[in-house]
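The chain below stands alone and is given as C-alpha cells, in the form predicted alone.
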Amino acid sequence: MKHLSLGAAVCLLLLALSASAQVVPQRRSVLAHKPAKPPAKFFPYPIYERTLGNGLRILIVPTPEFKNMVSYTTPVFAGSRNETEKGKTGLAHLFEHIMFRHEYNGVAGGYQDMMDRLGCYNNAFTSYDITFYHPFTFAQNLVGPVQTPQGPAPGVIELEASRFKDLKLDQKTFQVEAGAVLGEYRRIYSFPAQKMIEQMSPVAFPNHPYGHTIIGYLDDVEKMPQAWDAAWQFFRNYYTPNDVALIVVGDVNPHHLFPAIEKAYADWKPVPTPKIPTPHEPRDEKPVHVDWEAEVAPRLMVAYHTPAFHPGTPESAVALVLDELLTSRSAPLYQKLRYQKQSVTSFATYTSPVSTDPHWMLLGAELSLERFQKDGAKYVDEVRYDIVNGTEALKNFSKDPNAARTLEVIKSKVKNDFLAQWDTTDSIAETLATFYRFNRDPHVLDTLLQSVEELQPADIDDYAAKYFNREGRLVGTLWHGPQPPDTAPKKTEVR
C-alpha cells in the first residue's frame, strides 16, 4: 500500500514487515566514525550505525554512485499486527494516510507543502508488520534551510522529525482521511482474491491480529471517522524512538548527518511497547467458501501455517526459496497445473514468509469457468488434490536424484535476485528495513544470504514435514453461488 492506496494484497517477498522492541535504557550516544564492521560478503555498501540515548537507531548507507540522491526512510516497526483492540482495526494503515497531513508550524497542510517545495517524492506503505515512510530527494535537501523558488524551506530531517515527534492535525482532517479509507476498502475488495484472503484470515488466526487484513474489518473501517481517541493511542504506543529506525541511503557523508539527526530527534521520548498476543492456530484443516455476487472464474486457495521469521536460520532460508520450489515457471507443481494438465489459468504465492509471528503461506489458483460449469466440485477437488500433493511432496525433496543440483540453481537465483533489486536507494533502504527489524543487526542481509547459500536438500524435507500437513492446512474457494456438495471421489494425499 502506497500513500493513499492500500495496493494489491499480494505480498511480495520483501514487503511483509514488523517488530516489537523494548524501551532502550538511556545511554550516551557515540558517533560512529567507521562502519560497524568491514564491508560484507554480499551487501556491497558500508553501513554506519548509531543509537541515540532514547533508543532511536540510525543507519546511514553511503551509495555515492546514486549521484546527489538520497532516500531518508523511517520504518515504524508496527503494522496491522499491532492492532489488538477489538473494533479498532485498520489504524496502522490510517496513519499511513494522516502522517502526510501534518500541520507543520501550525499550518494546515504545511508539512506536505514544504516537501513539495523541496521537490521531494514522498510516499509510504503499510504491511502486517511494518509501516515504511520513504521520502526521496536531493542530498542537499536534508539539512535546512534550503532555498527554493517559493522561498526558504526547512530540510527533510527537520520536517520528518516534526511529524514523527509531534504530529498535529484537526479532527475534521482526520475524519476526511478516515472516510477515504472506506473508498479504498471498497476498491480493494472488488477483487475476488482479496475477498478470499479477508474471509480466510480470521479462520486461520482467530486469536491474533493476523486475523484481519491490513486495511481492517469493514465494520471498523466504516466507524473509523469516530476512532479519534483510539487512533491517537495507537500513535503514542508505536510512533516512538524505540519502535522506529532511521535508514538513510544515498550520496551522503555519515559524519555530517549524524549531528543533524541527533539534534532533531534527541528529545523524542520512548515509551514501553505493548505486547502482542501469542498466536494459537487451529490444528485441523478448515474450509472457507466465498459466494461471489457475479459469475467469475472460480478461485482456489490452499494455505499452510508457517513459522515466524528468524534471519540466519535454516527454516527462514527455506521460506525464501519456497516461491521458486512451488510457483515459479520451472517448479514441477506449476508445470503440472499450467502446462501438463492445463487445469488452472494462473498459480501464484499470495503471501510473504517474512513475518514477525507465525503466519501462513497461501497458494492461489484461478480455474477455468467453462470447465467448472461442466464438472463442478469434481474439478475443484482435482486441482486441490494436485496443489496439496505437489506442496507436501517437498517432504521427500532430497530423494530426487537431481535435488542438489536443483537447489543450487534456486539458491543462485534467489541470491542474484536480492542483489539485482538494489538498484535504487529506496530498494536498498526497504530491503534493509525489512530484515533489520528482527534483531536490529545492521549486517542482517549478509547473515540472511549466507543462510540461503548453506541450505541443503534435507532442510527442505524437514521444513515440509513440520509445516505442510493437514493439521495446519486451510482451503478457500470462491465462485458464484453456494459451495456444491463434494461428490468427487476421495483421493489419497501425501502424508
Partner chain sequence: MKKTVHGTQYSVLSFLLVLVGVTLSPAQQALTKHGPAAAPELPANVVTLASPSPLYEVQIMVRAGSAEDPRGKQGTASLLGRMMLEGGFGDPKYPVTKEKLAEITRPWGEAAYPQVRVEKETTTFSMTVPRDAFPQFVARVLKPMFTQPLFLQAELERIRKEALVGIRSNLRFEQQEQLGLLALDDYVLQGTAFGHLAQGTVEGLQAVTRDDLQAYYKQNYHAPDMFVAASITDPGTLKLLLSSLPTSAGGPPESRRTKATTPTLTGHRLLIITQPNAIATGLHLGFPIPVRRGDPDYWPLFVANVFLGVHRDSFGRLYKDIREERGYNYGDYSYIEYYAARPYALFPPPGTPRDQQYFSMWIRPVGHPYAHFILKAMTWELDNFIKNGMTREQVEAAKQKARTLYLNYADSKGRQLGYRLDDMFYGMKDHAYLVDMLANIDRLTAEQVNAAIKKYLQVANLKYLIVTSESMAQKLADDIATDSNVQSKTPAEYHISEPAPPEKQKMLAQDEEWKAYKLKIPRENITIVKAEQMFESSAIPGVK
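Since the model is a prediction, treat every value here as computed from it, not as a measurement. Residue numbers count along the first chain shown, from 1.
Keep in mind that the form predicted in complex with the partner chain is missing from the display, and what follows is about it.
Asker: Work out which of H212, H102, R384, R299 lies within 4.5 Å of the partner chain in the predicted complex, going by heavy atoms.
Answerer: It is R299.
Asker: Taking the partner chain in the predicted complex as the reference, which of D400, E184, E85, E315 has a non-hydrogen atom within 4.5 Å?
Answerer: Residue within 4.5 Å of the partner: E184.
Asker: Would you check, heavy atoms only and a 4.5 Å threshold, whether S412 touches the partner chain in the predicted complex?
Answerer: Yes, contact at 4.5 Å.
Asker: So in the predicted complex, does V107 come within 4.5 Å of the partner chain, heavy atom to heavy atom?
Answerer: Judged by the heavy-atom cut-off of 4.5 Å, V107 is well away from the partner chain in the predicted complex.
Asker: Would K286 count as touching the partner chain in the predicted complex under a 4.5 Å heavy atom rule?
Answerer: No, no contact at 4.5 Å.
Asker: Give a yes/no on whether T74 approaches the partner chain to within 4.5 Å in the predicted complex, heavy atoms considered.
Answerer: No - in the predicted complex, heavy atoms of T74 and the partner chain never come within 4.5 Å of each other.
Asker: Tell me the stretch among 49 to 57, 422 to 430, 462 to 470, 443 to 451 that has any heavy atom within 4.5 angstroms of the partner chain in the predicted complex.
Answerer: Heavy atoms within 4.5 Å of the partner chain in the predicted complex occur in 422 to 430.
Asker: Assess the spot marked by Y45, M69 and R338: is the partner chain within 4.5 Å of a heavy atom from every one of these residues in the predicted complex?
Answerer: Answer is yes for this spot.
Asker: Looking at the partner chain in the predicted complex, which residues in 152 to 176 have at least one heavy atom within 4.5 Å of it?
Answerer: Read in sequence order, the residues that approach the partner chain (within 4.5 Å, in the predicted complex) are K172, Q175, V176.
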